[in-house]
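Listed next as structure tokens is one chain, alone, in the form predicted alone.
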């Protein structure tokens, strides 16, 4: 069980009446309408809903990668609608980790250097960054693949590297998009246990179609497709 958030703790993330429209040259497509949610330290939130309902877009907005069309948001005290792109990028680097559904690994880097990339970007010495990454990769069962590049690995192995990369940073907010989608049931359960163990006080938002993963979260928000 995750620690219960204290009443006096400020939420890590607040989204209030958020709307988002995708606009191209020919049309405007409504993706989100009137979404309100907050997540406190130690909370684990599952986002459920059909494909196309905007779940991944919520993760983009929560991390400041997209600005909402309407509404207001705050991440760790920073206004998601008015903060500069540079401030939001710095906030992501230092406080937010993301596990992408398509892994987003650097093809020319080894598993070890992929997992070490964020500490290196923060200015941590190479050896220290690699030591942290090596430990994280060992914990997700990838100690035997440290020198392999993504093209030499299966989808499940790439997913474990992406998870290790997120755990290395010890973020205040973890955004996970189908984090166990390429893993079998036994390994899925081990990885979810590991994430909870390593990040007991982080706020976690996960998108998953797996009811077993959703059941491990503190609460669930269902997102409906916008008509």
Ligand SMILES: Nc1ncnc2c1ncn2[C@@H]1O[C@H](COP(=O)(O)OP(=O)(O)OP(=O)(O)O)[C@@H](O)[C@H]1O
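Numbering follows the first chain given and starts at 1. Owing to the predicted nature of the structure, the values given are computational and were not obtained by experimental measurement.
Although it is not shown, the form predicted together with this ligand is what the next lines describe.
Contact with this ligand in the model of the complex, judged as any non-hydrogen atom within 4.5 angstroms, is confined among 52-60, 180-188, 155-163, 195-203 to 52-60. Interface residue among 45, 37, 31, 65, judged by heavy atoms within 4.5 Å of this ligand in the model of the complex: 31.
With the partner removed from view, the residue among 74, 101, 95, 83 that has a non-hydrogen atom within 4.5 Å of this ligand in the model of the complex turns out to be 101. This ligand is not shown here, but in the model of the complex it comes within 4.5 Å of a heavy atom of residue 209.
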